[in-house]
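Taking the form predicted alone, here's one chain by itself in structure tokens.
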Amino acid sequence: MPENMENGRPMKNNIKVQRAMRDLTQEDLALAIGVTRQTILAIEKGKYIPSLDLAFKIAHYFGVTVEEIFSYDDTIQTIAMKDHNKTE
């Protein structure tokens, strides 16, 4: 099971895209919101799901909603459910 799964649903984000649109490094973002560069890296790679507080800080920094940054990967969930239904 991937490390970035919450309640069985993989989480994805577009932080890297948001940073690129603003020409920001991981370090720039980390300093702005009070975390380490390694934390940003782990979130971007889906190795770490941020707390709700941190998710809001990231979204606020970019001037968007949390849902515009983070989402569940429903495609993977749909495939998993289809495979599960085949075995029943």
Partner chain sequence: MKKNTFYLFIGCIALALLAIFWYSIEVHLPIIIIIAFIIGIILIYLVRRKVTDFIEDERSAKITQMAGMRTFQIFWIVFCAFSIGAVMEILHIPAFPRSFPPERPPEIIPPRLMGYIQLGLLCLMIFLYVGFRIYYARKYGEWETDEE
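Quick caveat: nothing in here was measured; it's all calculated off a predicted structure. Positions refer to the first chain, counted from 1.
This next part talks about the form predicted in complex with its partner chain, which is not shown.
Contact of residue 63 with its partner chain in the predicted complex (heavy atom, 4.5 Å): The answer is no: residue 63 has no heavy atom within 4.5 Å of its partner chain.
Answer yes if any heavy atom of residue 12 is within 4.5 Å of a heavy atom of its partner chain in the predicted complex; otherwise answer no. Output for residue 12 is no: heavy atoms all beyond 4.5 Å of its partner chain.
Is there any non-hydrogen atom of residue 25 lying within 4.5 Å of its partner chain in the predicted complex? Looking in the predicted complex, residue contacts with its partner chain include residue 25, since a heavy atom lies within 4.5 Å.
So in the predicted complex, is its partner chain close enough to residue 59 to count as touching (4.5 Å, heavy atoms)? Answer no; every heavy atom of residue 59 is more than 4.5 Å from its partner chain in the predicted complex.
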